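Shown here is one chain on its own, the form predicted on its own, set out as structure tokens.
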Amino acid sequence: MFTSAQWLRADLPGASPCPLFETAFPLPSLPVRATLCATAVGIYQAFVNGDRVGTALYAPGWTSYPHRLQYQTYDVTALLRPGENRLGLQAANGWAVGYLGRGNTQHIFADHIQVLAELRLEFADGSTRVVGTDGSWQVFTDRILSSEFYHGETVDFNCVRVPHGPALPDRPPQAALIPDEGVPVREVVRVSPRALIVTPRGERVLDFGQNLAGYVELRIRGRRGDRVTLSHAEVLDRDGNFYTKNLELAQCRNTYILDGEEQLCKPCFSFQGYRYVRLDEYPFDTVDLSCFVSVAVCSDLTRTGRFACGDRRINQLYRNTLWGQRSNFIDLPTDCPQRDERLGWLGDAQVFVRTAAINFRVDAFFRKWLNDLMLEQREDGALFGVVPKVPGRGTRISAAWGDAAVICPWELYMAYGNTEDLRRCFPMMKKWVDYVHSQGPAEYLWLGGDHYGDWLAADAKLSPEVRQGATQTDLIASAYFAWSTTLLIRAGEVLGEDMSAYRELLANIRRAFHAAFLRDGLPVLCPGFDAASTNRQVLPVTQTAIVLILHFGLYEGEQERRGLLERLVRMIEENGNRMTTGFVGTPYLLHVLTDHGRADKAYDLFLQEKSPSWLFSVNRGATTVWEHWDGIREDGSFWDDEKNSFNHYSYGSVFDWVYGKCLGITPLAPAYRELLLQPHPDVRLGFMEGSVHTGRGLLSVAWHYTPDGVRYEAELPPDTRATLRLPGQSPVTCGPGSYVWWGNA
């Protein structure tokens, strides 16, 4: 790896050039093996004799650049030829150099592009040769005039390669070089356009029928100098016009200048989040839809989960969840793929991680990101809201966001059973719990701080300035303190650690929580709470407050449990069978109702069509999960004209309830080795079936309402043991194989 190569830079004019670094070398005879290692500060594509190396996009990926930078290794033996050969790297700004975070800020991690490459040649006689980046490499520019993730790409097919002289040797970046540990981003799905729309403003707009992250591929022949400019948007406004305000400062525009020959137009170093594409410039009066295709890009994850039921709306919600995950799993878990953000928010990742691991194989994907969490964790254990850290974004140290340091490793362990992954993360988990423990003024509570709260909850008047919901953040923070301590203890027990001190800590947290936040069996405002110190309404009893108390087991005794459940159900019913929860309460709400004997009420919420609900967006034509429950209101207006994403996956976390409670697949041991099968059918859905490819084979469960009752089916893979619990029947233990049971409707 990089035994003699030098870091190179290019001295080029322009705001966002895409330099091509290239060298030539002779080969009197072909090697038996040729291995290329390459990386960049920025992003790159490698070429051998003009042929693209590999199929991955946006290499070397986004890591915590102050700490580490990945490099990729390729076998390029088949691309070499006798005689002269050419090796090149074309690079763009990417995350490290380009615009990142809101405010159109550039150069957050570096002020210029750098590349490093080394080709190792091994010959039949045992000799070797190395071709690495050095002062002999030349710099060129070509048809890619500019490229940015947020703003798009400009390509001029009339431009010939222009030499700019030798590449300049450069100082190495401070980041340590590491082998690629992520999952490569690739083109994963191709979507044809559904229709050409002419809007009331007279705009020509392509509707691809699916919101996604990727780009449009266009095959076209125009006259020399003709221009094609494509702008991207997620939605149309209430009048049917193209709408881009929610992109904020991101331009999301690709431009191609044609040369008279047929060309395949698509960006190399950019992607957009969109469903609709406006033809800002197009050389023909007639638009041939067959020339266009929408290409979805995503980390190339293996699909593991399948689901269907008897309600087309729920099936659409499931598809929306899959597309939300695809759109936001581009090298790291992001919040959204369209506006000037696209960052690794911890809160979104932790609420969705269980669902993510059902839908796709995500252990390697999360391993890379969790390694960055460990590197960016402060010495005192604190974590900011965004990793990799971006100045000015995610600057709060917040409960439910920082708790990703504990929740994500534990959920991944339960999904895949990798003890070494858990062991590697254990120090980070411990440091986070210790950090929370160190926060005053009460030793066993987390009081004060600047938290995100129950983000975007519907129980407070929301505005662009106030988004935290009505639940007191002290209660949320202290409840998560208890939960992370609980999971830390479980992890430590798996790893054989002495957890006695943390078991004592948990007992003290529970006592302190109950004394501070519960009175007469219901939540109260923490003693000393100062209403004047906050810019929002804070209520003692909210759906989220009760949900956290019940889900994290912070109540005392059966009477208190029953009283909390009754109050929660009453609050839901008084709100028209609707929830008021946000990012913190929603993931646990249906679990709590089902676990405490009110699966009927959980289904009422799941099937609710009025906002706030999962099906409200489905009925509004959504093809991904929205950031806001009512991102587009019934009258067609927007929740907010600008801060409004229509491709956020967080609320798609409801599908871990669907799998865990509706289908009843509850792992009792990691990697589905031991299960509780306790389905909760509902006649309103008619049937439900779902499966997960585990490490030992296919696990599938189904139930169907028939005239003779409810038919339950299960298929258990090898080395799996399950306990079946059906309503009104004694538990049954079963091993690998196929099963059918009957129950009363």
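Nothing here was measured: the structure is a model prediction, and the numbers come from that model. Position 1 is the first residue in the sequence shown; the rest follow in order.
Although not depicted, the form predicted together with beta-D-glucopyranose is the subject of the following passage.
Residue-level contacts in the model of the complex: of D474, E376, E627, E411, one residue has a heavy atom within 4.5 Å of beta-D-glucopyranose, and it is E627. Put simply, of Y452, Y99, F606, Y502 only one has a heavy atom within 4.5 Å of beta-D-glucopyranose in the model of the complex, and it is Y452. Contact annotation: beta-D-glucopyranose lies within 4.5 Å of heavy atoms from the stretch 344-352 in the model of the complex, the single such stretch among 204-212, 90-98, 538-546, 344-352. Proximity of D335, W401 and H648 to beta-D-glucopyranose in the model of the complex is complete: all three residues have a non-hydrogen atom within 4.5 angstroms.
Using a 4.5 angstroms threshold between heavy atoms, K643 counts as touching beta-D-glucopyranose in the model of the complex.
Within 4.5 Å of some heavy atom of beta-D-glucopyranose in the model of the complex lies at least one heavy atom of F583. Taking the partner from the other structure, beta-D-glucopyranose in the model of the complex has no heavy atom within 4.5 Å of any heavy atom of K389. When beta-D-glucopyranose is considered in the model of the complex, R339 lines it closely, a heavy atom lying within 4.5 Å.
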